[in-house]
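Encoded as structure tokens, the following chain is the form predicted alone, with no partner shown.
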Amino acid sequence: MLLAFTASTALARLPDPTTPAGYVAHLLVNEVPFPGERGYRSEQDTAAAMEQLLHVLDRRLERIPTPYTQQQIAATRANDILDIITVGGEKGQFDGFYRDAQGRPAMVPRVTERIDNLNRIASQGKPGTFARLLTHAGDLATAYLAEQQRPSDRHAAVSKAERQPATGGGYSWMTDEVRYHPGGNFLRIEDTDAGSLGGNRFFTLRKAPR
């Protein structure tokens, strides 16, 4: 079953960041723009970006295409999505998300401060865009970790990128500027294949690595 983004009128529901679902949800929120922030286009665009971010995490965890290895793509060998997120420390694969000295998933202050501010805005007045987007992040993470639902994957059928055969599926994302590229066998997904969402550029993989 596909998880659809709906314009809920409920108050924002972002799970506790000390839980796996809450930690994943906080990453989804951290990586996308909200109204008034650079890169924001629309509520639907930001919601779609969250969904594709989750697919990247899932692909790095469970769907590595032959002949690639998880170590090549995710810089780790892991069977836990939190290890995918925290690999490399504070300045690792996902900047600002790491494990503390006790091995607990943690976030740097700038991440928690921004999300606290988004929660504050979402709690003012009638529930609107901020509340719906925060709720969407929480719903996505909760459903995914409960193995109940996954959103539609806009990048699953990508067969060509940067004029080269591609594996399909997103395996990385970066700020959507030409100067940012993960290099190696990553290929920039074109706009026509929804490669630009929520201020991010998504990348698939070259089908036949060099």
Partner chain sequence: MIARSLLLGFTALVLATPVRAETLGFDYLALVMQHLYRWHLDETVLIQVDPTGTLTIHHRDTTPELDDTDRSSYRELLIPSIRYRVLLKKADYDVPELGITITNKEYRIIKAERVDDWLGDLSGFEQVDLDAKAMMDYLFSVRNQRTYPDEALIERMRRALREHLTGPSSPPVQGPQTVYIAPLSRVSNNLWVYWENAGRLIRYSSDTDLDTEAFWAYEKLGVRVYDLSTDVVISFAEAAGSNAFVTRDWAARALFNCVVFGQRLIITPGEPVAVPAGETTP
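Positions refer to the first chain, counted from 1. Remember, predicted model here, so these are calculated numbers, not experimental data.
Only in words, not in the display: the form predicted together with its partner chain, which the text now covers.
Comment: 174-182 is the region of 137-145, 174-182, 61-69, 150-158 lying near its partner chain in the model of the complex, near meaning a non-hydrogen atom within 4.5 Å.
Contact check for T76: every heavy atom lies farther than 4.5 Å from its partner chain in the model of the complex. For the chain shown alone, Y98 is not a contact residue for its partner chain in the model of the complex, no non-hydrogen atom being within 4.5 angstroms. For the chain shown alone, E113 is a contact residue for its partner chain in the model of the complex, at least one non-hydrogen atom being within 4.5 angstroms. Interface residue remark: P35 is counted as part of the site for its partner chain in the model of the complex, having a heavy atom within 4.5 Å. Using a 4.5 Å cut-off on any heavy atom, the residues of 19-53 that reach its partner chain in the model of the complex are, in sequence order, E31, P35, G36, E37, R38, Y40, R41, S42, E43, Q44.
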